[in-house]
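The chain below stands alone and is given in structure tokens; this is the form predicted on its own.
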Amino acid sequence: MNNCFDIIRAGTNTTFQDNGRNNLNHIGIPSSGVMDKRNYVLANSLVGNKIDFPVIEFAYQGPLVRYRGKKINFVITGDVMFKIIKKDYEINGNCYETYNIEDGDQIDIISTNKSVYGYFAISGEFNLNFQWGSCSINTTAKIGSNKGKKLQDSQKIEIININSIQIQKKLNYVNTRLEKIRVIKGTNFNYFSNEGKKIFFEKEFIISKLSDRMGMRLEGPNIENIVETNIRSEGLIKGVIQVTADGNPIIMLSDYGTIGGYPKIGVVISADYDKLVQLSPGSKCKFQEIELVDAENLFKLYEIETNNLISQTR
């Protein structure tokens, strides 16, 4: 019997993701990869995989799938409502806890809770095609596994190399939110007036509905540019904050365009990126300026905390 999932409902934005691609910006290929890296590595660790295995990433509403095959473990991480549907009963699932499923069982990933992204990992491997060393799907560029497309209703996902060791695990972990998103100065920081800089660091901004894996648009008071609202296109990175001609910020996310012509006021530090991407439309955020050395120390702390969590799943 082939082991597979039948997708009954694909969900709103369901893709395969891993750590993404490196060193391809010069040919216009962004890194892509998972949005929330900590929840990604915890998902893989809980089911006994290598932490860089592909997973299913979903946003808002996840997939409803039926399993066919030998017994397997799965886990869901993030802040997610889901249930396991057996032949005679249903189980309301808990995130960061592994569950066994058998032939004919269904998993219904109902929704995220006041967040955006969740992760679905199995004790095995999805049978995927890799492109430039990664399965990560970028739907804008149409690259990655699944022909660069979101998962679709009625699709089958083949599973290979099921792990014979299927130990039940549970991690006590709670997703938290930051009061302020910390940033370092961008390369065009001095394009903005003193009042514009003050607004950026002191006022609240609202996450717009016009946000996706490529970028997060913010709404709020205009940030005044006193030099030039459009510049010659320059290279971009994940987390950079551009300010458009109308004075509103856009934060580049995992599927960012590799070049852009709006001035860059700041860059979100790597340690805060996971928290940033989980802010749902309508949420409020504020920014706090820190120095580069502090950003580096905070990332080291982030990695230590993540590794400590991984060690609790072994």
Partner chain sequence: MIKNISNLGDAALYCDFGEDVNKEVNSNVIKYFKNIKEKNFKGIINLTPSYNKLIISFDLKKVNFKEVKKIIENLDINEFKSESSKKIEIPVCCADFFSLDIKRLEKKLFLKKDKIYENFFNKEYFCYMTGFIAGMPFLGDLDKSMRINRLETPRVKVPKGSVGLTEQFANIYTFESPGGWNIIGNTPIEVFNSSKIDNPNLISPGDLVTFKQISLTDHKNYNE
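Residue numbers count along the first chain shown, from 1. In this text the structure is predicted, and so the values were computed from the model without any measurement.
What comes next is about the form predicted together with the partner chain, which is not displayed.
Undergrad: Can you work out whether Ile167 and the partner chain are in contact in the predicted complex, taking contact to mean some heavy atom pair no more than 4.5 Å apart?
TA: Output for Ile167 is no: heavy atoms all beyond 4.5 Å of the partner chain.
Undergrad: Answer for Glu234 alone: is it within 4.5 Å of the partner chain in the predicted complex, judged on heavy atom distances?
TA: Close contact exists here: in the predicted complex, Glu234 approaches the partner chain to within 4.5 Å, heavy atoms only.
Undergrad: Would you classify Gly257 as touching the partner chain in the predicted complex, given a 4.5 Å non-hydrogen atom cut-off?
TA: Taking the distances in the predicted complex, the answer for Gly257 is yes, it comes within 4.5 Å of the partner chain.
Undergrad: Would Trp132 count as touching the partner chain in the predicted complex under a 4.5 Å heavy atom rule?
TA: Yes, Trp132 is a contact residue.
Undergrad: Within 4.5 Å, heavy atoms only, one stretch in 111-119, 153-161, 75-83, 184-192 touches the partner chain in the predicted complex. Which?
TA: That would be 184-192.
Undergrad: Quick check on this chain: which one of Ser270, Gln288, Ser280, Asn248 has a heavy atom within 4.5 Å of the partner chain in the predicted complex?
TA: Answer to the contact question: Ser270.
Undergrad: Can you name the residues of 292-311 that have a non-hydrogen atom within 4.5 angstroms of the partner chain in the predicted complex?
TA: Read in sequence order, the residues that approach the partner chain (within 4.5 Å, in the predicted complex) are Leu292, Ala295, Glu296, Phe299, Glu303.
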